[in-house]
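Single chain ahead, written as structure tokens, the form predicted on its own.
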């Protein structure tokens, strides 16, 4: 398992220059806008996007066909990918928080609690996204699955945008019961989000492992 993780980190060295430029760009945008939480969320997502690069590198190198001949199980290979995705998301969230903390200390931007919340929500969104996308990537490969995970990413935002538009236009009225339910759920987000994320990860991993076990290389 350690070898699989190390291999992925070595592959990521190819992205360091591009990632460095993006970090500086978004960091500058966050600083000039006076909103450190923006960068905290973006940083988490930038790191997580590297997961797609890892799948692309393995696909181009036909890594899986070689890996299954080694003394590692298919379970280990799938576990390595999921673990790497979680590690990258966690690292991104930590760096995002450190940047936000620096901005708080030097310029008084946002509160540290708000930065923690932004990083946590960003990490949860990323993990939920990959929980849906990784089984498709495992089945179809990165290139064929691009349209699917683009839809997975865009559809929720499109739905929220349309609902918000209908509400502002007065065509959609939100009932008091629904508002009360949302307010009730908000009080327990600290419990609900981790539970949903863990359930999504467990289901996603089980599906991906089943796909990988029956996949021919």
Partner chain sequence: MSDIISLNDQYKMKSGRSDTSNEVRENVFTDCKDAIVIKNLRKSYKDFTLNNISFNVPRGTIMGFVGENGAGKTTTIKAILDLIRIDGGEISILGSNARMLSNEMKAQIGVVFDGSNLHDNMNSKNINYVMKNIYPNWEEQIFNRYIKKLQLPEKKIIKEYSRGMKMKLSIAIALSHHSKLLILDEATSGLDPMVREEILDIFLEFIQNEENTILLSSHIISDIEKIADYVTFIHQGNIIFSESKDDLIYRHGVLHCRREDVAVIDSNFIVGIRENSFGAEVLIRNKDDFKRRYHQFNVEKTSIEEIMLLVSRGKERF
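Numbering follows the first chain given and starts at 1. Predicted, not measured: the structure shown is a model, and the values here were computed from it.
The form predicted together with its partner chain is left out here; the points below concern that form.
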Which residue among 25, 18, 10, 198 has a heavy atom within 4.5 angstroms of its partner chain in the model of the complex?
10
Segment that reaches its partner chain in the model of the complex - one of 68 to 76, 130 to 138, 87 to 95, 117 to 125, heavy atoms within 4.5 Å:
68 to 76
Does residue 61 reach its partner chain in the model of the complex, with heavy atoms at most 4.5 Å apart?
yes
Pull the contact list for 195 to 211: residues with a heavy atom within 4.5 Å of its partner chain in the model of the complex, in sequence order.
none
